[in-house]
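Given next, in structure tokens, is a single chain: the form predicted on its own.
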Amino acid sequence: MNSERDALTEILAWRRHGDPNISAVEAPVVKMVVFAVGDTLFAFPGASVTEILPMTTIYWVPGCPSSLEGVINVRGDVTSVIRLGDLLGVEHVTEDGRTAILLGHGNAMCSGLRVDRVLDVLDVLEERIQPPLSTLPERFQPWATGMFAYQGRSVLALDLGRLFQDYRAGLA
């Protein structure tokens, strides 16, 4: 019984003080919002996404580009909603009740971005984010900042500020 008590005391002391042979390392991380448009996984840095909203009524506005789906009411504020798939050249899947709107901001623009589904909000080690592949489709290249793995699949990280800048300039 004493040997069990000694072993328990040793385990509890180790848990309180940690293993002296292991050094704590602070590795820089980036919060990422991972989402899907069609079958493709993308991510925006969490700092550029202010809120994730469930799909709501979008009011069509005549005379707007086809990628601008319309406007929504967000607690009394009118916010535009862009079909992100249209900008990226990726076809949206039919709605299955998981469609979401990411409220994003960058380069003096704020808008909602319609995505097919939000998968996760997570911290990604900066060292795990690799440069975009040279074989990346040309349509993604202006906004791609890197790639990382999520549940065995590749995720393309995008720069929302550059995407908004190009959208305002008519390039996206």
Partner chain sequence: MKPMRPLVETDVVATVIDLVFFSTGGLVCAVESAKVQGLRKIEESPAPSMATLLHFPERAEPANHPPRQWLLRLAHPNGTLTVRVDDPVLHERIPATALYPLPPLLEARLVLPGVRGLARWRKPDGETLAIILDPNAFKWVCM
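Residue numbers count along the first chain shown, from 1. Owing to the predicted nature of the structure, the values given are computational and were not obtained by experimental measurement.
The form predicted in complex with its partner chain exists for this protein as well; it is not shown, and the discussion that follows is about that form.
> Checking a candidate spot here: are 53, 98 and 150 all in contact with its partner chain in the predicted complex (at least one heavy atom each within 4.5 Å)?
Verified in the predicted complex; spot residues all out of contact, no.
> Hey, in the predicted complex, is residue 91 touching its partner chain, heavy atoms inside 4.5 Å?
Contact with its partner chain, no.
> Is it the case that residue 82, even though its partner is missing from this view, gets within 4.5 Å of its partner chain in the predicted complex, heavy atoms only?
Although its partner chain is absent here, residue 82 would touch it in the predicted complex, with heavy atoms inside 4.5 Å.
> Consider residue 63 of the chain shown here, and say whether it contacts its partner chain in the predicted complex, taking contact as heavy atoms within 4.5 Å.
Because a heavy atom of residue 63 falls inside 4.5 Å of its partner chain in the predicted complex, the answer is yes.
> Evaluate residue 144 for contact with its partner chain in the predicted complex, applying a 4.5 angstroms cut-off between non-hydrogen atoms, and reply yes or no.
The answer is no: residue 144 has no heavy atom within 4.5 Å of its partner chain.
> Which among 63-71, 131-139, 34-42, 115-123 is in contact with its partner chain in the predicted complex, heavy atoms within 4.5 angstroms?
Looking at the partner contacts, the answer comes out as 63-71.
> Could you run down 27-56 and flag each residue that has a heavy atom within 4.5 Å of its partner chain in the predicted complex?
Contacts from 27-56: none.
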